[in-house]
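Take a look at this single chain in structure tokens; it is the form predicted alone.
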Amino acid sequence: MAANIHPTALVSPSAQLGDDCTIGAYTIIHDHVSLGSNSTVEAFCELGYPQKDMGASPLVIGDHAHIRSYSLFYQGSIFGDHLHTGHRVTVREKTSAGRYFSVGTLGDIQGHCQIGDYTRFHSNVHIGQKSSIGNFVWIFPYTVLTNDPHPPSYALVGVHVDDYAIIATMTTILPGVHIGSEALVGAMSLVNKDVPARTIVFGVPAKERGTVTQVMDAEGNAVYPWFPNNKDRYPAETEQLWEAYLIARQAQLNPDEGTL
């Protein structure tokens, strides 16, 4: 079926819209945009914002996207299926993100970065250029990933976050820091050095406080790894991905971390 385009929307005739797309009022879709089927772009959005140095590099958004009002996407980025945004999101050029990526209201992605599958940013998250973020990562509100070791400069060094890591609210990660897989960064932390896999850090500056496997809830149950307690938040196929991940990393566990 043809796209449902509001009469006030401006859609370039060269833009490619999949079947059953809905384009809201006063939204602008520029040249060099490919929007997948069954996608919704709400009112006052702008997709494919032109960049002189990007030529005809397209903005590609997969199927089943939902982009909420007042969001802005520059040309030259690629997103997998099931992209979801909050309101007033900004995404700069040369951003690559996988399937089921979610970015909350007032999210700011400064481009030139890589983001994996099933990763979720809450509201007011700032991602600096050259960041690299894995699969199933959670980044909570007001977190900032920086990239300039001696500002202002052009010597940008991105933050790297591995799979299944969690960065809690109001945290700042300094340039070049590597957050290991399944690590937990506590709220309001300043992280100025690498965080090993499955390690808890928090504080200003953040310091190691143990391993995530030591964290228990009020009833004495292990909280981490977090995925088995949250699998209902994800599509069914992700449980198989989790099992494959466990097999791949089980041999890397230290003896005092136990087994899962």
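These numbers were taken from a predicted model, which means no experiment stands behind them. Note that residue numbering begins at 1 and tracks the sequence as displayed.
Heads up, the form predicted together with another copy of the chain isn't pictured, but that's what we're talking about next.
Contact annotation: another copy of the chain lies within 4.5 Å of heavy atoms from the stretch 153-161 in the predicted bound form, the single such stretch among 94-102, 153-161, 75-83, 111-119. Though another copy of the chain is absent from this view, in the predicted bound form it lies within 4.5 Å of a heavy atom of just one residue from S181, T172, S132, N135, which is T172. In the predicted bound form, A43 approaches another copy of the chain with a heavy atom inside 4.5 Å. Taking the partner from elsewhere, V60 is found to have every heavy atom lying beyond 4.5 Å of another copy of the chain in the predicted bound form.
Although the partner is absent here, D31 sits far enough away that none of its heavy atoms falls within 4.5 Å of another copy of the chain in the predicted bound form. Among residues of the shown chain, V215 is one whose heavy atoms approach another copy of the chain to within 4.5 Å in the predicted bound form. Shown here without another copy of the chain, the chain has Q110, H122, S123, N124, V125, H126 in 109-133 lying with a heavy atom within 4.5 Å of that partner in the predicted bound form.
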